[in-house]
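First comes one chain, alone, set out as structure tokens in the form predicted alone.
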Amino acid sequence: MKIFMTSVLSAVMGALIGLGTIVVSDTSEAAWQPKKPVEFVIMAGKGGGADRLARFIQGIIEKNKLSSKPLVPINKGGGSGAEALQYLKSKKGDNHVIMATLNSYYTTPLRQKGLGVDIGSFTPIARMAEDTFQLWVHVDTGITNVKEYVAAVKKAGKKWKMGGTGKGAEDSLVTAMLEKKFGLGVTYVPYKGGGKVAKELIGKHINSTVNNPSEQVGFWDAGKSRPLASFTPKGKLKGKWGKIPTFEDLGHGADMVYYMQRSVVAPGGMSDDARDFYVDLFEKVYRSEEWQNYLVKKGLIPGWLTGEKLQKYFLEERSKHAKLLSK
């Protein structure tokens, strides 16, 4: 009996040791996880579309406990995003830095060659959506449609102030589209963030804006601002945003379209394991009910993209924006 028990104990111990070996091996091969809080850089000021979106994403991740370490939003909007781009470049190989982008991701390096920033050297993570633009006025202007808007701007000439985010960036490009299409000549007033632009319109310090939906929706709901038209193709927007006529709807051609990409990138040299962690993390966010509802509520267009396809998209958009800026 003693010999039997000894044999049983030996077998059990051997099994436990074997199991322990398996567990240790499995732990050593576990997927990469952040070891400290992750810097979530936003290449724009507080209150704008990029800032609101990044902080909303952070909230989804925190609420659903999708990351072992928190994402900490950090605004670096100086120089139309130049500050953020230089910072990301300086963090090469850092697995604990990511960045929320907008179209100044292309335009700022094109306009400021001295930055020495090549976006092709950064690590693409995910495109979460494409944001849209609308033409906005204060309700007190009495302007209710594009025809009345064009007449008012032509009468005012350079006294008409169009507010926007940055110089040579998204808002100024959309403003240039308007000027070319309708033969206008406005005074463009740049601000650091879309939130500030929206407030300046409500404060009547500027006459119109081309804010993204998330930046003006609160004032629209409060009956203080009015959207005149969307810079989107027909039928792309849902909910109340779909009720705003597009320039194409109004007979002004299908060329009055411009999107803002909402993506996440990381420094060059990030490890493959860390990159895969972030791709998986943002895919979970993208598929969440919170994010899908946000897309409809804030007038964004779904657009998941990652990997080589996303990098190709970035480089193609850079070429398109180079042509736009040259004009």
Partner chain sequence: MEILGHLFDGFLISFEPLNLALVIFGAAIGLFIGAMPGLGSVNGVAILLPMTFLVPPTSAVIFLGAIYYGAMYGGAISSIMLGIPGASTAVATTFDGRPLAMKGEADRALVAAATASFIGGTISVILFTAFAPPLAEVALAFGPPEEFALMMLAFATFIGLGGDDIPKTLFSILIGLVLSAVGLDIVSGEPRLIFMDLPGFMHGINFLVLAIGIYGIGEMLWTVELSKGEVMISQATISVRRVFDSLRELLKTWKTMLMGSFLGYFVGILPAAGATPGSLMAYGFAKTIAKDPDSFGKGNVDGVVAPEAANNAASTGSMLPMLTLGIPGSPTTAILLGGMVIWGLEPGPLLFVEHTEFVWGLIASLYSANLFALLINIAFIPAFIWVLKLPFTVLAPIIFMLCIIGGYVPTLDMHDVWLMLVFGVVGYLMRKLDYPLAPAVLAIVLGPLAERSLRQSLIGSQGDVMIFFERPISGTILIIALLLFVLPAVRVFRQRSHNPNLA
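Numbering follows the first chain given and starts at 1. Here the structure is a predicted model, which means the values were calculated and not measured.
Below, we refer to the form predicted together with the partner chain, which is not included among the displayed structures.
With the partner removed from view, the residue among 124, 195, 227, 109 that has a non-hydrogen atom within 4.5 Å of the partner chain in the predicted bound form turns out to be 195.
Among 148, 249, 130, 83, the residue placing a heavy atom within 4.5 Å of the partner chain in the predicted bound form is 83. Screening 251-259, 90-98, 181-189, 229-237 for residues having heavy atoms within 4.5 Å of the partner chain in the predicted bound form returns a single hit, 181-189. Contact here is defined as any heavy atom lying within 4.5 Å of the partner chain in the predicted bound form, and by that definition each of 55, 76 and 79 is a contact residue. Interface membership of residue 219, defined by any non-hydrogen atom within 4.5 Å of the partner chain in the predicted bound form, is confirmed. Heavy atoms of residue 35 never reach within 4.5 Å of the partner chain in the predicted bound form, leaving it off the interface. At a distance threshold of 4.5 angstroms between non-hydrogen atoms, residue 62 is in contact with the partner chain in the predicted bound form.
In the predicted bound form, residue 284 stays away from the partner chain, with no heavy atom inside 4.5 Å. Interface residues of 160-184, taken as those with a heavy atom within 4.5 Å of the partner chain in the predicted bound form (partner not displayed): 161, 166, 167, in sequence order.
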